[in-house]
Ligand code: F6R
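Just the one chain here, laid out as structure tokens, in the form predicted alone.
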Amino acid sequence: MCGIFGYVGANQAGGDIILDALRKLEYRGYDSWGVAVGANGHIDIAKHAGRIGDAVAELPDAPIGFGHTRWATHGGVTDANAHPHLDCTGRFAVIHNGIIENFRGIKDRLLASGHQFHSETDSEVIAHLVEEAMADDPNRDLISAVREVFAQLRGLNAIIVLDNRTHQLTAVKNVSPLVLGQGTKGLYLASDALALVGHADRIHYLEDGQMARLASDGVTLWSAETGASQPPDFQPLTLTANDTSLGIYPHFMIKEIHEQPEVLRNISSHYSEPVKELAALIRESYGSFLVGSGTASYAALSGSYLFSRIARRHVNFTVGSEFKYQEHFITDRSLVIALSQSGETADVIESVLAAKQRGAKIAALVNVKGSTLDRLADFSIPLGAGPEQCVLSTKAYTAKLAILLMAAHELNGSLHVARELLWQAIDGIEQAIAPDSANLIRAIAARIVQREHAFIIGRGLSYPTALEAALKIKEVSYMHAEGFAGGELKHGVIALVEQGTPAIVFSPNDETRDDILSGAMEMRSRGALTIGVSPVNDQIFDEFIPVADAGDASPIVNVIPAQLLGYELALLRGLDPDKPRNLAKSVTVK
């Protein structure tokens, strides 16, 4: 989940380049930041707890260095626990993304050998292991030393080692992402290609177990397993400065909410062929599974409803972190459809690896081309949503729903119907984000902003929408929000309703309407403030948010008011909607 960035080149202002890149990577972790450069015979480090903001790193000019934005796992949010970390001699510095599962035993051994530690992190053991590996022969090739060290680490990790004596960066990864960049002024390493915009024009995604050495004379790749040299496969970097800027918007969250109609237009117009391929894979499989984590899991759950009601096809749904407890059903005839914005979500990757071991075929709906999931999949459909820099996922979610809707209709022989529904959904989203609708939601947010709890209910296709709506509200505004199936109210949930408790009710024009309105009345009779999200108003609603009726595409439309409500609540509470506390965009640790 942490962000890492390295630079080797002709520009002596390496520290400034690194700090600028870290600002683009801060969505991956903003507990602390740090920069190290190699200059004047030693390594200079600036690191601090907290967000980068307008910070300036007081570092000497240097042509080599790296930096890190941290999402804390081992050790508190302190300056000492911020990366980079040094070995005892000061020759080596390390930055790390991942979790070293066996670090305690390694650290105990290193302490017993006399090594001095200055942090509580698992990451610091890497620097001391490299120091140890080089101790007997200071002229040993650093590649072989790092290869030896990496083999000792258990877990999903990406590391970069800076050697100040030889002025090189050595990197290696296992699942945790690393992208190599090449530009006219230098070589770069980053955990996300987004950080390479403005610096590199060509990129290479490191494979698992692949090592890279960056030095003034160029870049070399090796296999960490065999030590064999490997040629890089550079591809053009297609991201531009427009992808990383706010433009006319105050926050990335509202920018990305407003980008959803264009994303869906592209899917409706250009995705027929890949959707047909996905549908064929489902048709040929004997057991299909939708897997995702967080927001992607709710898109997957929606997919299970869509395949059932449209294609009369049972497609299993499993949360990524729970997949390994149900993988016993997987065979070489199974299809696992993995959903992920980043393509690096650890639980989803672990699920895919387990399924591949059992011979299953893997399909992926993923937003980042070249990501781990994209490369692992036998068949991949890019979401085409563009970069998501807000930690909360919005446009990638609706993109997944659109593709799953089209696949379900393709299985039913009615793909044209899905495209018509998507155009209705696009019109519905544009109505939902229009000024009048936005003002209404802003007023509702002001009415409920002081409340501690909110409950969201839906049935059928609207049940996953209720779950996603609750997630959006609580992760950005810190209001406790929970989504429930409307029929489960009387099984405990209604005990939580008090006078004035906000109750958001998804009430589309489908077979669930009468039942969900009945549930809304039960909540209102116990004092709840009912907020209806529906094409049709009802006297049960204290507040009403009108939305377009898009049939089976209604979940795409109905989630928009929840995204906007979460955003407005965050602003009213004085919070940063792009970087909620304790969260990071890409969950690359388990």
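From 1 onward, residues are counted along the sequence shown. Being a predicted model, the structure only gives us computed values, none of them experimental.
The form predicted together with this ligand exists for this protein as well; it is not shown, and the discussion that follows is about that form.
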Hey, in the predicted complex, is residue 351 touching this ligand, heavy atoms inside 4.5 Å? no
Using the partner position in the predicted complex, report whether residue 315 sits within 4.5 Å of this ligand, counting heavy atoms only. no
Flag residue 475 as yes or no: does it have a non-hydrogen atom within 4.5 angstroms of any non-hydrogen atom of this ligand in the predicted complex? yes
Should residue 341 be counted as a contact of this ligand in the predicted complex, where contact means heavy atoms within 4.5 Å? yes
Okay, which stretch from 293-301, 81-89, 202-210, 184-192 lines this ligand in the predicted complex, with non-hydrogen atoms inside 4.5 Å? 293-301
Just give me the single entry in 128, 96, 173, 400 that has a non-hydrogen atom within 4.5 angstroms of this ligand in the predicted complex. 400
Which residue among 471, 441, 385, 415 has a heavy atom within 4.5 angstroms of this ligand in the predicted complex? 471
Out of 413-437, which residues reach within 4.5 Å of this ligand in the predicted complex, heavy atoms considered? none
